[in-house]
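Quick heads-up: it's one chain on its own, the form predicted on its own, in structure tokens.
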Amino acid sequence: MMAGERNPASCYLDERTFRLCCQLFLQHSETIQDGWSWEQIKGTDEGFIKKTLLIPIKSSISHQQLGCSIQDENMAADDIQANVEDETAGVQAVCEIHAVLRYEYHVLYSCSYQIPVLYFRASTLDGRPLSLEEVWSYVHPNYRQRLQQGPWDTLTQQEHPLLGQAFFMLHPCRTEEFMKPALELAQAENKKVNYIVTWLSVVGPVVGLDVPLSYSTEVSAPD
């Protein structure tokens, strides 16, 4: 390496740095009441950060499936949009229902990949877990287009490494693709960035988890 050249930015981090980044992330979450917390595994020194979120979605269901009509007094006008088509053309009327799903997000450190990994599970409010196909159907179309060449490799169902329960996971195999350029840009601009903030700002929105801009401006990197 020639004099004056910097070491290339690494997209990997050790567990100590992961925890320090999480501490700074959690401090800001508490400040803005964003709902993140640290979950410690009893009897171990392992843990992860977690957040539960209620996400409204729309699902189109035929009137026959719902057994409803657009005049149904039990449904608020704001919650239903009736699109009545000519049934003689073989098209059924559709109710567009606003439902709510419960997402629980966990950010863990992967010793194998030396990077954070996002695990999550999703269910209806009555507790029915969503299938992988359903979760994939709720991924924003913009992200679906990006991942369409390998969606089932990117979004998979795995056993939670600390809880031993079935969770969905955004596979970390593509992390280097977006973290390396982001970290190199920050290095070129002499900026220190919090790895968790930068990483989660990219992967979170894929599965409905947005990170407020204030994390990027207020959360520093560990010393």
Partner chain sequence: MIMADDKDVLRDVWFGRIPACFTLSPEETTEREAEPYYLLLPRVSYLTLVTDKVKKHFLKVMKAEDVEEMWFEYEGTPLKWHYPIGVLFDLHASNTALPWNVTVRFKNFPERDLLHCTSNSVIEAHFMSCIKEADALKHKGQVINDMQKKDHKQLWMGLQNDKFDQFWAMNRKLMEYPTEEGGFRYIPFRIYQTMSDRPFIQKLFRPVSPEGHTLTLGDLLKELFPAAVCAEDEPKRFQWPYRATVIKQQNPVHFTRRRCSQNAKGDVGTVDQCCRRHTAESDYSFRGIGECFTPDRDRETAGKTAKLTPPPGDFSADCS
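These figures come from a predicted structure and were not determined experimentally. Positions refer to the first chain, counted from 1. We call the rigid core whatever largest set of C-alpha positions still superposes within 1.5 Å between the two forms.
Note that the form predicted together with its partner chain isn't included here; everything after this is about it.
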Report summary line: Of 41, 185, 57, 32, the only residue with a heavy atom within 4.5 Å of its partner chain in the predicted bound form is 41
Query raised in the report: Though its partner chain is not shown, can you say which of 157, 37, 27, 52 has a heavy atom within 4.5 Å of it in the predicted bound form?
Result: 157
Query raised in the report: Quick one: is residue 113 in contact with its partner chain in the predicted bound form, heavy atoms, 4.5 Å cut-off?
Result: yes
Query raised in the report: Do residue 181 and its partner chain come within 4.5 Å of each other in the predicted bound form, heavy atoms counted?
Result: no
Query raised in the report: Even though its partner chain is not shown here, does residue 121 get within 4.5 Å of it in the predicted bound form, heavy atoms only?
Result: yes
Query - Members of 191 to 223 lying within 4.5 angstroms of its partner chain, judged by heavy atom, in the predicted bound form - result: none
Query - Rigid core superposed: residue 44 CA moves 2 Å or more between the shown form and the other one - result: yes
